[in-house]
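Below sits a lone chain in structure tokens, taken as the form predicted on its own.
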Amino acid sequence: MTNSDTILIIDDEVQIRRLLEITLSANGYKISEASTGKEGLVHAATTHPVLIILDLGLPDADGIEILKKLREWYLKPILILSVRSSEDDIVKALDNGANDYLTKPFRTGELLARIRVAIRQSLDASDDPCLTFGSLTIDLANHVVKKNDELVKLTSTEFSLLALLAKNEGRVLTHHFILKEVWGMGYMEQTQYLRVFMAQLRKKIEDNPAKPRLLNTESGIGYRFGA
């Protein structure tokens, strides 16, 4: 893949937009900019960006509302970049469709890495029934998991949990989202229930369950599959 795709920046801070423009342009991305939510919605519809970087503190609308409007039709990654750093703000953004969340000030290297992961995950969202992560292979069609070519015995719930996380590689999935998708609406508050299943899954998947490489915890928020 070549980094010739457009990234839309929706942020009212001129300095942040300039920094992002310099950083992203130097890495081969084309840039589209908007300083308000309304302008951002127009740019998203006209420039067809491969990824959107969205600030939550916009002058004409709350960023969460813009996120909701984008998610009515925009299916590609949205990365939140905001000074808001509370757990509630992060969870709210992720629950409403954001793929990732970074707080200001940010490290440009980390931002670029998160962008690459989000775009790759979006492009890889194909009909391929097999996912491979090093020595781990997940056959989505046949519900078969192998590690080092040996069969890993998972319950149906464990497989559903692993498949959900793997298909969203690099994306932070909140506790509520995972519980809703795997167990249903009635289990959305059962975070301890989820922790038990994650512990079981790590014992079967990870080389060292105490130091997981694939099934990573995002403290107080949820889980992320992969780096």
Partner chain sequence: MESADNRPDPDELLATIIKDEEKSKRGKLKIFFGMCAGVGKTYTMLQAAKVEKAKGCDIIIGFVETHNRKETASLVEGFELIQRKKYQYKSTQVQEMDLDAIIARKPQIVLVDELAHTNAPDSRHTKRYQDVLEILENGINVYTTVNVQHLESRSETVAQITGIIVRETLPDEIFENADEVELVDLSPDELLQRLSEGKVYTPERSREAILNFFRKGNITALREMALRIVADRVDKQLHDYMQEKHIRGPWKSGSHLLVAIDYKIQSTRLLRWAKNLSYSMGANIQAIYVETSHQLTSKEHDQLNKNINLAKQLGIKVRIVTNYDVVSAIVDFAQKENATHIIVGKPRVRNLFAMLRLGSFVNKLIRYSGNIDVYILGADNQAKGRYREKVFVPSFTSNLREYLTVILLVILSSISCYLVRDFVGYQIVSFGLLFLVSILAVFFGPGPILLAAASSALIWDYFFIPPQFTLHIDKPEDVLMLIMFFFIAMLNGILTSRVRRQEQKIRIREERTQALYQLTKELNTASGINEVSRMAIKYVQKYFNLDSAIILKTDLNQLDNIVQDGTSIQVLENDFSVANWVFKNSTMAGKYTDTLPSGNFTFYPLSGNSGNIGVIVVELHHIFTQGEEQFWEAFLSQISGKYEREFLRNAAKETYVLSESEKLYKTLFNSISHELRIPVATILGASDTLLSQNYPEETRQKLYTEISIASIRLNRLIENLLNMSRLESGHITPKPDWCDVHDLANEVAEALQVELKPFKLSTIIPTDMPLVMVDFGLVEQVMHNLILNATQYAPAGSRIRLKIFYDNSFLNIQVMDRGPGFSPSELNFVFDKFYRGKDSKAGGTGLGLSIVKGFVVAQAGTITAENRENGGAKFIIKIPVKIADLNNQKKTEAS
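Computed from a predicted model, the values in this text were never measured in an experiment. The term rigid core refers to the most C-alpha atoms you can superpose between the two forms while keeping them within 1.5 Å. Positions refer to the first chain, counted from 1.
This protein has a second form, the form predicted in complex with its partner chain, left out of what is shown; the following refers to that one.
K.L.:
Wondering, does Y223 line up within 4.5 Å of its partner chain in the predicted bound form on heavy atoms?
P.N.:
Yes - in the predicted bound form, heavy atoms of Y223 and its partner chain come within 4.5 Å of each other.
K.L.:
Please tell me whether any heavy atom belonging to T36 falls inside 4.5 Å of a heavy atom of its partner chain, as the geometry stands in the predicted bound form.
P.N.:
Flag for T36 set to no.
K.L.:
If we define contact as a non-hydrogen atom of the residue within 4.5 angstroms of the partner, is P129 a contact of its partner chain in the predicted bound form?
P.N.:
No - in the predicted bound form, heavy atoms of P129 and its partner chain never come within 4.5 Å of each other.
K.L.:
Is there a non-hydrogen atom of T47 within 4.5 angstroms of a non-hydrogen atom of its partner chain in the predicted bound form?
P.N.:
No.
K.L.:
Among the candidate stretches 54-62, 189-197, 36-44, 159-167, which one is within 4.5 Å of its partner chain in the predicted bound form when only heavy atoms are counted?
P.N.:
Within 4.5 Å of the partner lies stretch 189-197.
K.L.:
Among K153, R71, H143, R107, which has at least one heavy atom within 4.5 Å of its partner chain in the predicted bound form?
P.N.:
When its partner chain is considered in the predicted bound form, the option within 4.5 Å is R107.
K.L.:
After superposition on the rigid core, does the Cα atom of Q15 shift by at least 2 Å between the shown form and the other one?
P.N.:
Yes, because once the rigid core is superposed, the C-alpha of Q15 moves 2 Å or more between the shown form and the other one.
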